[in-house]
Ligand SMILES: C[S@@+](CC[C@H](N)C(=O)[O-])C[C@H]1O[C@@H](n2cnc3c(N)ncnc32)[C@H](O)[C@@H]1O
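Here's a solo chain for you in structure tokens, the form predicted alone.
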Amino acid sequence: MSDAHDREIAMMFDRIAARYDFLNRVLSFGTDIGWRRRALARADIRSGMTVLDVGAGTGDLSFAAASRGAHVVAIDLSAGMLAVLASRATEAQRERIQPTVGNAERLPLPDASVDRIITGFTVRNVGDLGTALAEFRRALRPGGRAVVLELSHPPNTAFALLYSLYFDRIAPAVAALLGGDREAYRYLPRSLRPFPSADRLAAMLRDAGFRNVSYERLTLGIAAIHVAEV
């Protein structure tokens, strides 16, 4: 995907960085907190590991990984989001977290240099998902693991229609009322429409060279956690 795509995404997240966490909590009714906690449990992060947080945003996953004794490379396209991460970090967290402006399709890391990759609500914004997954595979050491938390497509048709009404119409309106960027919160549901189903994303991870690929649906399938090993 073009550099123009990356610049557009970065600028959008720069605009919403200041209110991103607040609006996430409101629009997800707080469920995103439990989803992240579950993803971290699946990552099995231990002291001394090097962890790559792709699309680190304001730092929730990075902080949690650092609290487990890991060194964290926190990559995001948006300098604005990383600035919020830096402002939230304690001195101890700053010693363990390395914020880096970067692209999931061109990770600024050597081959086989990280033990874990975690990513939350990021990969549906990537221009070329297959390339990004191949980069994840390249950067992981043997025995490493990638954990991908992302919104997904509910398998129940009736619930999917109801969820689409909320996600496409109600959530952007609520975000605007609460001082958010209406256009950004219109983009976010649009980004999900072409995104692969949970089954298809699992297949793409296998195609990228991962093994032991599995996933679990969350909250009636509106999100999913994929786990893949090297």
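As the structure is a prediction and not an experimental result, all values here were calculated from the model. From 1 onward, residues are counted along the sequence shown.
Same protein, other form: the form predicted in complex with the named molecule, not shown, and the subject of what follows.
Visitor: Based on heavy atom distances of 4.5 Å or less, which listed stretch (138-146, 116-124, 153-161, 91-99) is in contact with the named molecule in the model of the complex?
Guide: Going by heavy atoms within 4.5 Å, the stretch is 116-124.
Visitor: Even though the partner isn't displayed, in the model of the complex is R36 close enough to the named molecule, meaning a heavy atom within 4.5 Å?
Guide: Yes - in the model of the complex, heavy atoms of R36 and the named molecule come within 4.5 Å of each other.
Visitor: Within 4.5 Å, heavy atoms only: does L52 come near the named molecule in the model of the complex?
Guide: L52: no contact with the named molecule in the model of the complex.
Visitor: Does any heavy atom of N24 come within 4.5 Å of a heavy atom of the named molecule in the model of the complex?
Guide: N24 belongs to the contact set for the named molecule.
Visitor: Is A56 near the named molecule? Define near as a heavy atom within 4.5 Å, in the model of the complex.
Guide: Answer yes; at least one heavy atom of A56 falls within 4.5 Å of the named molecule in the model of the complex.
Visitor: With the partner left out here, if you bring back the named molecule in the model of the complex, are I9, L77 and M81 all within 4.5 Å of it by some heavy atom?
Guide: Judged in the model of the complex, I9, L77 and M81 all sit within 4.5 Å of the named molecule.
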